[in-house]
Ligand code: F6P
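Okay, so here's just one chain, in structure tokens, the form predicted on its own.
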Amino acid sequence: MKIGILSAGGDCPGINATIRGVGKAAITYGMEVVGILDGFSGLLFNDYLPLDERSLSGILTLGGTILGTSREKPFKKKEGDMIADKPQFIKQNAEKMGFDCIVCIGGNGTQKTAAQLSEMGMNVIGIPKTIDNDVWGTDVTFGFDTAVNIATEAIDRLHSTANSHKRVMVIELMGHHAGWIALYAGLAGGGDVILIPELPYNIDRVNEELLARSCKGKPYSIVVVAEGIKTGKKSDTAGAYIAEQIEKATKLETRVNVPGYTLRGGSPSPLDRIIATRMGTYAASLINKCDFGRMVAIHHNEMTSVPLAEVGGKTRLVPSDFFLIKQAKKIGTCFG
């Protein structure tokens, strides 16, 4: 068998570990492995790279992706497209290359595209990737643990600055629709207030909490905010908006910090390397069994797969009754 591997969408710690897992396991099964460059663009413009044992060596710890990535969405038409029917063109190119299967490593958008290609009759396997941990159908995605570690370290460092200057420090973390990073890092880093998109908040309640802490003699507070929370100003980032509202209402000196893309960069954590390797090797086993049209998933720490048709267009959000929210409230964490 001959398989192609691509990574699409945003970069994420653990992609290379996944490529390595798929490739090494596939070679063990006797398959030929090809890397498709720059996401779905590589399938449009025939940009490929042979992957063998040597090229897969030494990439386990590398951040980013050796195959490159892009935001190309073949099913979304754009003005100025040189190729009229990109999905059909991709299918034809894949057939010319003799691919028996395409492995698509990516987040929600990538898995949706993978499902659509599968519906066209292509053999596809999806592997979920995102620091946001919001891909439907799996309990966890690689990249999330690394992002939480980095975010937690950032919060840890803000404690000393906030205490020294007697300030409120607002830290804005990634998470457009899902607040997994803010919740986990906020709890691990001792955030006093945590605001996530899934839970409606009242800024007056936040301000009351911060004033109450100040009246109790607590010299500083840490407010952890997911970037996707609703704000009153479209022009402001979530962190800037919350900081402005806090300082205006409480007169407490407030500063905002946005780690941004820092959460996506660098070497994956040991746990993410393990998750990526497990997902990659499991994908190869699905291909070996010709069990296509599936996305690799982890349920209750066991490897499994779900139909790609069920994944596309869905987002895994933090449930309002999630156990960590309940436990955080028991120690006095405010969710607005």
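Each residue number is its position in the shown sequence, starting from 1. What you are looking at is a predicted structure, and each value in this text was computed from that prediction instead of being measured.
Omitted from view is the form predicted in complex with the named molecule, to which the following refers.
Every residue in the set Arg71, Thr130 and His176 has a non-hydrogen atom no more than 4.5 Å from the named molecule in the predicted complex. A heavy atom within 4.5 Å of the named molecule in the predicted complex is found for one listed residue only; from Lys86, Arg167, Arg213, Arg264, this is Arg264.
With the partner omitted here, the residue from Glu247, Asp192, Asp145, Glu227 that has a non-hydrogen atom within 4.5 angstroms of the named molecule in the predicted complex is Glu227. With the named molecule left out of view, the stretch that reaches within 4.5 Å of it through heavy atoms in the predicted complex is, among 148-156, 91-99, 112-120, 168-176, 168-176. Along 24-38, a non-hydrogen atom within 4.5 Å of the named molecule in the predicted complex is carried by no residue at all.
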